[in-house]
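Below sits a lone chain in structure tokens, taken as the form predicted on its own.
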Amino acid sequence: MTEQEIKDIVRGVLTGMGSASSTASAPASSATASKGDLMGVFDNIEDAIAAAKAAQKEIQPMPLEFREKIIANIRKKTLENAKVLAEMGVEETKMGNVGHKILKHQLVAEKTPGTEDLQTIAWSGDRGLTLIEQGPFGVIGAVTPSTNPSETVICNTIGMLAAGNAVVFAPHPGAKNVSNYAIDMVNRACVEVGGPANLAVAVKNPTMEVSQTIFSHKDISLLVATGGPGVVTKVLSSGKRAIGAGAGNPPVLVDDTADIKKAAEDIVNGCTFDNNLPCIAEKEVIAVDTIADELIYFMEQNGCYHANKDEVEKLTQTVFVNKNGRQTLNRDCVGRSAKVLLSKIGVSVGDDIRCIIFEGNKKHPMIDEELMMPILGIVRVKDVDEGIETAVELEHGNRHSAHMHSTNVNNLTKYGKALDTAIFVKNGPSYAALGFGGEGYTTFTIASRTGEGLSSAKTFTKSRRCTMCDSLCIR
């Protein structure tokens, strides 16, 4: 596929012309409104939920082997469409960068767990056999963000399908086109190998009213929210079982035993990945005073622009806006590159500048607030204990992610216990936690608030016990 073909596809989808991908050639579902519509994308939310309910009735009795066959085709289509989805995401949301989004889609395709994540527990003895197996909830309602839109749709679909569920998505309105394109892709992948249409559904124009319908609908048994604290609070107040993957403000602490050169490189790489959009990314640095100057030097060597006092003031006034009397993030700055952010304050730099750094105290708004921009405030502390206290304060009790560079196992242990986060990366870039340069599986729904941690297929199941008395024990 040529660059021009990719651009034509992106432009066509974003202007409502439908799916033009050569990898999505299966016939449209009869349940959609008309020929040319995206499969699984409806005008009306009630129709979407009904279609998902019907699809789930077909999915639940499927052998795990057949579910895995569908998942394998979703993985294949994701790899084939990675560049299209990446370009669509950047064009629609104006956030992140294409190269990193391609990597994120490859990661989702290759490292999202499937049916192998569902484990059976068994007890056998004189009185028979008891099994605990993981069963589906049925139809899941899932809210997805604008920061990782298609990645979250695909990752959630694989895990939810593996567990035997169908899913009704409520994509962020600012990423509805790329999200719905991903929904179309997974449905066509399913149909292509003999599975049902409408495994995943959404509406063409998601609104708050649509989300409220999903949250309260009798046919939806589980809610999953990947986004900010507002939407997580709403699903937790719904009266339904809910999984909340909320915001974080991940600190990274560097003590005086760390490999400073490597720490600088890892921090910059993690912070700048997809322009700091991942919720796990380093958002502020806490450095023990004795190594702070050396750390800053090596960060500058790795593409950081060290902003002076006046530039920091201009940046602060740029990245925050006053909305209804409250300081909030300027959405035009979220997910933008360091070069673009600096241009907004009249500073011209080359493409080699990946990150903006500055020194400040822990109460500075660009340190205390999660920015989702490649801007790193650096807070000096006298020792590791003050560093841990500062990190706990800046993480704001989100229990999401935290990172540390140290060769002192006692310091690492104290930090991990004090932060109590779902993710703790030691001596590496933040994205290692998602299996990118680190061990383990990938997810884009990290449920720190409700305690499930990094979600996978088993997260979207309920535990079921089956007991056979006085039989099936052959010992």
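Everything numeric here is computed off the predicted structure, so don't read it as measured data. Each residue number is its position in the shown sequence, starting from 1.
What follows is about the form predicted together with a small molecule, which we do not show.
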Legend entry - The single option of K382, K323, K363, R331 touching the small molecule in the predicted complex, heavy atom within 4.5 Å: R331
Legend entry - Listed residue (L161, V108, C279, I74) with a non-hydrogen atom within 4.5 angstroms of the small molecule in the predicted complex: C279
Inset, instruction - Report whether all of F215, A245 and S448 sit within 4.5 Å of the small molecule in the predicted complex, measuring from non-hydrogen atoms. - result: yes
Legend entry - Option from 168-176, 382-390, 254-262, 313-321 whose residues, in the predicted complex, bring a heavy atom within 4.5 Å of the small molecule: 168-176
Legend entry - Contact flag, H400 vs the small molecule in the predicted complex, heavy atom cut 4.5 Å: yes
Inset, instruction - Check whether G335 has any heavy atom within 4.5 Å of a heavy atom of the small molecule in the predicted complex, and answer yes or no. - result: no
Inset, instruction - State yes or no: in the predicted complex, is some non-hydrogen atom of E370 no more than 4.5 angstroms from a non-hydrogen atom of the small molecule? - result: yes
Inset, instruction - Would you check, heavy atoms only and a 4.5 Å threshold, whether A122 touches the small molecule in the predicted complex? - result: no
